[in-house]
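Presented below, as structure tokens, is a lone chain in the form predicted alone.
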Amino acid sequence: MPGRYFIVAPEEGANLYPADFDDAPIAAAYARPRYNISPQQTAPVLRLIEGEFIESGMRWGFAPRWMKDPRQAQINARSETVFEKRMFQHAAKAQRCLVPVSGWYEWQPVDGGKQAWAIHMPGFAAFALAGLWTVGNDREGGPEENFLTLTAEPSEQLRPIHHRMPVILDADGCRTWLDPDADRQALQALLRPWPGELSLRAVSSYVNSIRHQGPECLEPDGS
């Protein structure tokens, strides 16, 4: 969807970011393993601010300052309508970001319950999801930056697991998504199911609880 995701150290040199991007913000985003990132937690985001590529911590849950009820914060938005929906129009035009991840979790309905899956690149390569950010209110009413991820139809590989998947960006896609001069046609061309093969790992119900934050979240089911 995703509703949870994780960040771990990739194998050396394994990432889908542009080779000419500054390494420091990317390294900062992956410096601390995060095994079970959930909505309303603070997580790293990559973006361009006045031409500088930076890493920032933001709350996961898109809630502009005019939103009176923070419980209505959106963690995902459908990429098919993001340029039309009033809530997202400005961010889609001017506040796009990369959400650095190593993978995400989905829960597949099965007989008797749900099977948790960790979905990632081979070798846990670092990659980015297409995101939007905005400025909302913190708990004291001051300004706080927050973000969401965009979703698309699932690839054929993931269709049996879930009816949506996050928009994954390759190196060229990262560059275009952050380009302030990119036109809408170029941006919308990125908002598609991931065409490559992904690694699927069945994991245990340990990951279900957001209180569980350790590497056990990624242990194969039945291990």
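Predicted model only: the values in this text are computed from it and were never measured. Start at 1 and count along the sequence shown; that's the residue number.
There is another form of the same protein, the form predicted in complex with the DNA; it is not shown, and what comes next is about it.
Not one of Ser102, Leu129 and Ser199 places a heavy atom within 4.5 Å of the DNA in the predicted bound form. Contact check for His163: a non-hydrogen atom falls within 4.5 Å of the DNA in the predicted bound form. Looking at Ser155, you'd find every heavy atom of it more than 4.5 angstroms from the DNA in the predicted bound form. With a 4.5 Å cutoff on heavy atoms, Gly3 counts as touching the DNA in the predicted bound form.
Using a 4.5 Å cutoff between non-hydrogen atoms, Phe124 does not count as a contact of the DNA in the predicted bound form. With the partner left out here, the DNA still marks one of 186 to 194, 26 to 34, 173 to 181, 39 to 47 in the predicted bound form; by a 4.5 Å heavy atom cut-off that stretch is 39 to 47. In the predicted bound form, the DNA lies within 4.5 angstroms of at least one heavy atom of each of the following residues of 40 to 78: Gln40, Trp66, Arg71, Gln74, Ile75, Asn76, Ala77, Arg78, in sequence order.
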